[in-house]
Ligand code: 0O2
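Just the one chain here, laid out as C-alpha cells, in the form predicted alone.
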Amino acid sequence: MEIQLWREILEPYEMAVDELVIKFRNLMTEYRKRGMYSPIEQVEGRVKRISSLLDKAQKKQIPVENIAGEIEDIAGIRIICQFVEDIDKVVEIIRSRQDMEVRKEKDYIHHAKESGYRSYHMIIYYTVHTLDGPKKLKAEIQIRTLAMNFWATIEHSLQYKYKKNMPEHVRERLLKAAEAIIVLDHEMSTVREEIMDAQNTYSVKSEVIADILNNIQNLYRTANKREVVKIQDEFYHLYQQDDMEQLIRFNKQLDIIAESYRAQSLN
C-alpha cells in the first residue's frame, strides 16, 4: 500500500483520538470545577504506528486492505484512575454517552491475563466528521489504575526488548510484581475516602484562592490602589492562617466589592 493511502486511512483515526482525549479531559475538568472528585486522573491517546499495524496484521493473518476493518485498536485511548472503584464509574460514564457506542468489553481486572496484565478494555464506535463526510470508526479505550499502568508500561517495554520471547525468570518477576500491584490497589482502596476528602479540600482551596487573586488583579484596574493593597494584605494574612472558612467568607465579600466597582465603571 502506498504511503499516501496509509495517511488517508489514519487521518480520521487521528481526529478521533484528538476529539476523544479532549472530551475525557473536559469531563475531568468539569468534575473538579464543580468541587467533585473526578474518577478520571489522566487521559492519553495514540494512533497505532504503521509498523505496528503491519506486525499485527501479519500475526492475525489479516490482508493489508482489510486492516482498517478488522483491527480494533488503531485508535487507542488510555484512561488512568486512582482507585479500582473508579474504573466501574468510568465504564458507566462511557456506556451512558450518546456520542460513543460500546461494541465490546473485556474485563481484565477480575480476569487478569496469565502474564498478570490487568485493565478494562472497551471497543467503541465513534463518528468523526471529515471533508468527505462522517466516518464511523472503532476505537479501544483502556481503563486502569496508576499502579496497573505502571506495571503494563514496564511489561510492554520488556516484551519489545525480548521480541515476545521473554526469559522465564523475568516473566516470574513480572508476575510477582503484578500480585504486588493487586495488594497495593487494595490497600489504597481502604483509605480511598480519606484521600478523596483531602484532594477535594485542596481542589476547593485552589479554586477559592484563584478567584480571590483574579478579583484583586481586576481591582487594580478599577479601585483605589491604597484600598487594593489593604485587601491584598488581608488576603495574605488569611492565607497564612490557612482557615478555609475565613477564606471563603473573604472571597464572597471580595465578589461584592468587585461587582460594585464594575457597576461604577459601567455608569
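We number the residues from 1 along the sequence you see. These numbers were taken from a predicted model, which means no experiment stands behind them.
The protein also exists as the form predicted in complex with this ligand; that form is not presented, and the subsequent description refers to it.
- Contact with this ligand in the predicted complex, defined as a heavy atom within 4.5 Å, holds for exactly one of 192, 173, 106, 136, namely 106.
- Site residues 113, 117 and 155 are all in contact with this ligand in the predicted complex, judged by any heavy atom within 4.5 Å.
- Remark: of stretches 34-42, 225-233, 53-61, 205-213, the one touching this ligand in the predicted complex is 53-61 (heavy atom within 4.5 Å).
- Remark: residue 142 counts among the residues lining this ligand in the predicted complex, judged by a heavy atom distance of 4.5 Å or less.
- Interface residue remark: residue 185 is not counted as part of the site for this ligand in the predicted complex, having no heavy atom within 4.5 Å.
- For the chain shown alone, residue 46 is a contact residue for this ligand in the predicted complex, at least one non-hydrogen atom being within 4.5 angstroms.
- Although the partner is absent from this view, residue 73 contacts this ligand in the predicted complex, with a non-hydrogen atom inside 4.5 angstroms.
- For the partner-free chain shown, nothing in 201-230 comes within 4.5 angstroms of this ligand in the predicted complex, judged by any non-hydrogen atom.
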